[in-house]
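Okay, here we've got a single chain as structure tokens, the form predicted on its own, with questions on binding and movement later.
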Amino acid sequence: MTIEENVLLAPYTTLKIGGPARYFAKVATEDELVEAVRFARGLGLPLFVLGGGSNLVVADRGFDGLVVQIAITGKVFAGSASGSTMRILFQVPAGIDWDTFVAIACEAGYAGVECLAGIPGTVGGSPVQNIGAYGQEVSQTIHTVRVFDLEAHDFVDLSAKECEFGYRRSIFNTSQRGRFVVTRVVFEFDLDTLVRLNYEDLKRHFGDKPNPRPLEVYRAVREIRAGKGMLIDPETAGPDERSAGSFFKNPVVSTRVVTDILETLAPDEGTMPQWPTDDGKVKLAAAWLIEHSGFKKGYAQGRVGISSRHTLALINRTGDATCDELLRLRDLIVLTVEQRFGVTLAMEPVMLG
């Protein structure tokens, strides 16, 4: 393992924004991870774990610590769960590309992650944010997460329950932020589970076709994401793809807030998308709130803007934008939506520095 100094982080992010890390190390094994942690502790440095850089905003001043890029790869191992013939476990190294794993599971015919196709990043990052799309969340198939506990300085396996998953949250980005480093994720699939098409985009795509195969849904989701500029290919990325994906979380509000909003809508503003949650609240579409606050697709503010194909994606339009410019646009959108609807949008990507 080599530890480099003053490494620019922008190239390691899909936004292509951000300053340097004081130290940078790419770790390919768990032993190398332990070595990197010892290095950071020896110098009293903060440590940040980097995956695919797809859900990350790096400050212009960079990070005055050690950035560890998890590059632990290898074979994806599949085996029966607890001797049962109806469930199967996939053990997946954290450094494996997320979409690559989804393709493997779908090609094998297992339903459960097909709607998460095309999401950039690595397997290790998937439980941290509890990634989700088109009615699925990764927590629905996670069995255990192997982590390095920075407090106990040891490897442990956390059950899905111990991860305390919620909407775009887990202990890894809330109560225990900074304590654990994910090195492997074990997924569990029920062989009797059928594909569920919960979102209109997918229902329209398949029409009346009953029970499409997971691989068919995988391909459809990638096609839909590509049409919205949310399928990021580093080799061909244009302005719409220089983003961190969805920049804002869909807000969850009380029914009273929904009633207040509906009372303010003009007849020509259409129907506001909303979905009930298990705890009696309502999830709203952040994209709809943003659009109806005056920020349309393709909105530009200097070198940053909104994707021409997806309202939730803030983009580095010119390729040389700064983090400060991006955050000024973020703050303007948050303030305007708050003034218009009384709803405060929360940023989804991780902020470093």
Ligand SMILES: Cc1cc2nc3c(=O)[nH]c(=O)nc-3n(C[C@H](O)[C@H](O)[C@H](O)COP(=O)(O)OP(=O)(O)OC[C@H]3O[C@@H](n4cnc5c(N)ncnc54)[C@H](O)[C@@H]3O)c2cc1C
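Numbers follow the displayed sequence, beginning with 1. Quantities reported herein were computed from a predicted structural model and do not represent experimental measurements.
Form predicted together with the named molecule: not shown, discussed below.
Close approach of Phe48 to the named molecule in the predicted bound form, 4.5 Å, heavy atom | Yes, Phe48 sits close enough to the named molecule in the predicted bound form that at least one of its heavy atoms falls within 4.5 Å.
Is there a heavy atom of Pro214 lying 4.5 Å or less from a heavy atom of the named molecule in the predicted bound form?
-> Pro214: no, not in contact with the named molecule in the predicted bound form.
Find out whether any non-hydrogen atom of Lys281 is located within 4.5 angstroms of the named molecule in the predicted bound form, and reply yes or no.
-> Contact with the named molecule, no.
Is Arg168 close enough to the named molecule in the predicted bound form to count, meaning some heavy atom within 4.5 Å?
-> Heavy-atom contact with the named molecule at 4.5 Å: present for Arg168.
May I ask whether Ile119, Thr122 and Gly132 all come within 4.5 angstroms of the named molecule in the predicted bound form, judged by heavy atoms?
-> All of them do, each having a heavy atom within 4.5 Å of the partner.
From the list Met230, Cys106, Ala220, Ile142, which entry has a heavy atom within 4.5 Å of the named molecule in the predicted bound form?
-> None of the others qualify; the residue that does is Met230.
In the predicted bound form, which of 248-256, 179-187, 261-269, 151-159 comes within 4.5 Å of the named molecule (heavy atoms)?
-> Stretch with heavy atoms near the partner: 179-187.
In the predicted bound form, which residues of 39-62 put a heavy atom within 4.5 Å of the named molecule?
-> Residues within 4.5 Å: Phe48, Val49, Leu50, Gly51, Gly52, Gly53, Ser54, Asn55, Leu56.
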